[in-house]
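The same protein chain appears twice below, in two forms, each given on its own as C-alpha cells and labelled structure 1 and structure 2.
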Structure 1
C-alpha cells in the first residue's frame, strides 16, 4: 500500500524544475511542453530494428511512414498524400507529398523509401518485424539471402512515386504501411555512421519531432521538426519521454505535475485513483497480451507436457481479480479478444475448475519424469516493474504445489530483451502490443525461423496454415486458418498467455485531444497542452 499518496511531497528533479521555469505560461520564452512516461528505456531508436512497446510512441513521433495514424489511431495518409491499388490487389502506387525533407533539410524522395524497404529485409539489419512485409514480391527471398535487394517489388517511378508490387494480395497491407517499422531512414546518415546513426547528435528523421537529447534510463527529448510538412499545425514544441519502471514513482510524479501523461500506475491503487482522480483516469481495451515466453528448445521445457502443466496451474481469474483489478481480461489465447474478424481459441482446460486442472497438471509432470523425488527446477526471468515482480511471485506460489522449484531472476528490460533474442532463459515474462488490428500480427511471431520467434517453437503444420492465411483476402477463410494455427500453438502450449491488457493511463485534463484507442497510439503532433498558470 502506498501510504504517501494522501500527501504527495515528491521532490521535483532539477531537470524538470528548470523545464517548468523556462516554459511556464506567461514567460517570454514560453513553449508548449508535454512530459510523458514510458515503461522502459528503448533499446534503440532505429525503427527497422526496434521491437516492443517501449519505443513505439517515440518512433511514431519522430518518423513517418507512407501511411500513418490519425488522432484516433486509425490508418490515414502519411508521407504519401495519396495511393492507388491495381484491380488485382497486387500493385500499390504511393504519391509522396511535395517538397518532403529530412529534419536536417535534405530532400526526402521515393528512393529513400526504396532504400529503407530493402534495408528492412537485409539480413544484416536483423529487423525484428521483417516478416510483416513478406507479401511484397521477393521480400522473403531477400531476407533469406535467396535474392538480391534490387529484386524486391519496390521501386521509385520518379522522385515522388513509390510503387510496391505484392506476390499475393494482402488485406492488411495498408495497416502494415502505417507501422513504425515501415518508416524511411536517412541513407546519407545511416551509411555514414552505421549502427551509431541514432545517437542524439546524429539522428535524422522525417516525423513531426526530432530527437535532440537522450540520457539513458532518464529522458529522451524531442523538439518540433521545422522541416515536417505539417509543422504549422503541430502545437506542442517539445516532448519529453521518461522511462520509469517503478509504478509508484510514476503515480507520484503525475500527482506532483512532473508528468502530464502516465502510461501506467500501480494496479493496487485503482480504487484510490477512481475516487480521487476520476477525470484523469483512462482505461480502455487495447491490443496487448501479457504472456510467458517458454524456451521450447531447452530441456525439460521442450516437453509439451511440462509446458502444459505449468499453464494449467495458473489461476488466471483469481490472479487478475486480486492483483490486477483494472479491467484486464484473463488470457488463454495469444491473440487479443478485441481483434477484429477473429474468434480466439481457448484450450479445453480453460473451462475446468482449478482442482481438476491441478490434478491433471501433476499427472502431466509425473509422466514427464518429475515428482517429489525429482522436482522440476526452472528460472523465471522478469524485469524490474513492480507489477511484474508480483506476477513472478504469484507464479512461483501457483507452481509450488506441483513440486516445481522456481528461481526468480530480476533484470532490466534491456537484459530481458537480450536473453530473449539469444535464448538465454527458461521462462520469462513477455508482452506484445500489436501495431495493427489483425490476428496474423500475433500468430506470425511464432512461425519457424521468424526473427521474433524467441520461443524456438517450430511446427510445419502451423507454418503451412499461416502461409496460406497470409496469402488470401477472404477474411472468413483467413480467420478459420489462423484459428487452426492458434489451436496448434496452444495445445502444445508453446507460450503461456496470462492476460490481455487494457490501456491504463492517467492523463491530466489540460492535455487536449487525447483519444483512447486499441493501438495505444496517441501521437504528440495531435495533442496540445493548456497547462494552468502556477
Structure 2
C-alpha cells in the first residue's frame, strides 16, 4: 500500500485490476455453461438449406427470424418488434427492432431479410423447405425458375420495415415466419464464402448465440452474442451441443454430469429412470404421430370396410402400456391432440370396449367378402428398428383373430420411402412430425395430388374443405372445416393412426425455466444453470 501511495499514477490501474479480480462475481471461473445433447451432427448451419432434424436446436439459438419462439415454445415477436396484417390477410408489414446488428457488428436491415427470402427460393440454394413460403407472391414461380427473385412479394419499405405480399391468405404465416428456415443470413458473408460460409471462423448470425467451434460428430460450441438486442437478459454464457446418436452414451453422460440436458435415452431403460431419476425425467407430448399408411388404390385395402376393420382390431391402449411402455399416447386421429386451436376428431369405436370392436370388425370384413373360406392376405412393410419390428409383430397378432393373414416385410427406411412414393405396398408403418403447431400441416398430407399423399386417398369434399381452411383467417371456422376434413379421412380410414409421440428428455434439476412444449423448443437464451458445486 505504501508503494501505491508513493506512486499513485502507476498504482491506480494495478489496484483496479486487483479489486476487479477479487470482488467481481462474474469472473471467468463462474461462466455459466449449458451442455445439451442433439440427435446427430447437424447437416449444415445454413438455416435456408438445413433439413433441421438435428440442426434446429442450434439454429434456433444462433439465428433469429422476424418471429421467434418464447420460453414456452409459442410464436412471439423476434427480430421484428411488431407487425401489422392488412384486413384481407394478404399483406404483412414487419417493423424491425431498432439498431439490430449481426454478430460481427454489421447493421442488420430490412434489406437483409429481403435478400434472405429471395435466397430461400432461389433454385441454386436448393432449400429443403422452400415450399413453406409458396403463399408469398411469386415465390413458387421463383423456385421453379419461372420468375426472377426480384419479382417475389418481399420488399424493404425502409431500413426497418419489411413488407411481404401473399398470393393467398395464409393462416399459418406467422408460424412459418418463426421457423429456423425464415432466419436472415448475412449477405456480406454468404456471398464472400459461398457454401462454406458457415465454418466456425466465418459464420455470422443474429441470434442470442454465435458458433465459435465445430468438431464434426462431436461438439458445437456457441457463446453469447454481445450484439444480440436482448443480450442483457441472456444468462447462459456458453452452450455446447453434443451430437450423440448412441443413446446408451447419452444416459451415461447425463448421469456423469457431462450433459445437463439429454434429448432421449434408451427406451428400455425407462423403468430404471422412473425409479432413479424421477425428477430429471420429462415426458411431454409432441407433434409426431405414428400411423400406418394404407394403399387406398389397391385391392383389398381399397375397400374402406376392410381398412376400418383393421383399425378397430388394434388394441392401442394395451399396446401402448404393455408393449411400448415409453409414455406414448394411444392415437385414433391423424392430428396430434396437443395441436393448438384445434380439437381432434375421434371415431366412435375409440370409446368401445375391445370385444365389441372385434365383433364389429369381423362383421365389416365378412361384408367385404372375407371370412374363414377366404382369408384377407396383406403384406405389412416396416423398417429396421426394434420398436417398429415389435409393432409389426403385434399388429399381425392382433389382426389374426379376424382371420387376416399378414406377411411381415422388413426393409431399409429408404426403401420404405420409395414404396410410399410409388404406391408399391399394401400397408406400411409411417410417421409424421409436423413442423408447425397447426392441424393443417397433418391434414394437407392427404390432399389429392399432394406430393406427400402416399395413401392415394382422393376425396373432392376433403380437398374443398382443406383449400378453404388453408386460406381462411377466421380461426374458429377454420378449426370446424379441418374437423370435418379429419372426420371424412377417419370415417373412411384412409390411414390408420396408432399413437402420438412424446419427447423423452432428461433435464438436470439445476437447469431452470425449462418448459416442456409440443414443439420441443427450448431456446438456450431463456434457460439458466444453477449448478451445485461439484
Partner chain sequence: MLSYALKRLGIAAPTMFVVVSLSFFLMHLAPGGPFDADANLEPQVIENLKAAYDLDKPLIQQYAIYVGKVFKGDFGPSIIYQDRTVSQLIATGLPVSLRVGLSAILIAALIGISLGITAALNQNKPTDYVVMAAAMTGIAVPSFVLAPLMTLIFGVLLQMLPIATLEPSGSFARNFPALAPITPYILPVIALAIPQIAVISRLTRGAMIEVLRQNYIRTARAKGLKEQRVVWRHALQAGLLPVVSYLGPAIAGIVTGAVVVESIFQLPGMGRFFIQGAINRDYPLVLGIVIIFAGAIIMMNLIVDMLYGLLDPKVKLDA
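Everything numeric in this text was worked out from a predicted model, so none of it was measured. Numbering follows the first chain given and starts at 1. Only the largest set of C-alpha atoms that superpose within 1.5 Å between the two forms is called the rigid core.
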Task: Structure, 1 versus 2, that is the form predicted on its own - done: 1
Task: Which listed residue lies at the hinge, 46, 352, 101, 502, rigid motion between structures 1 and 2 - done: 502
Open item on the list: Degrees only, no decimals: how far does the smaller rigid part twist against the larger one between structures 1 and 2?
Closed with: 33
Task: Cα displacement of residue 433 between structures 1 and 2, core-superposed (Å) - done: 3.6
Task: Core-aligned Cα shift of residue 290 between structures 1 and 2, given in Å - done: 6.0
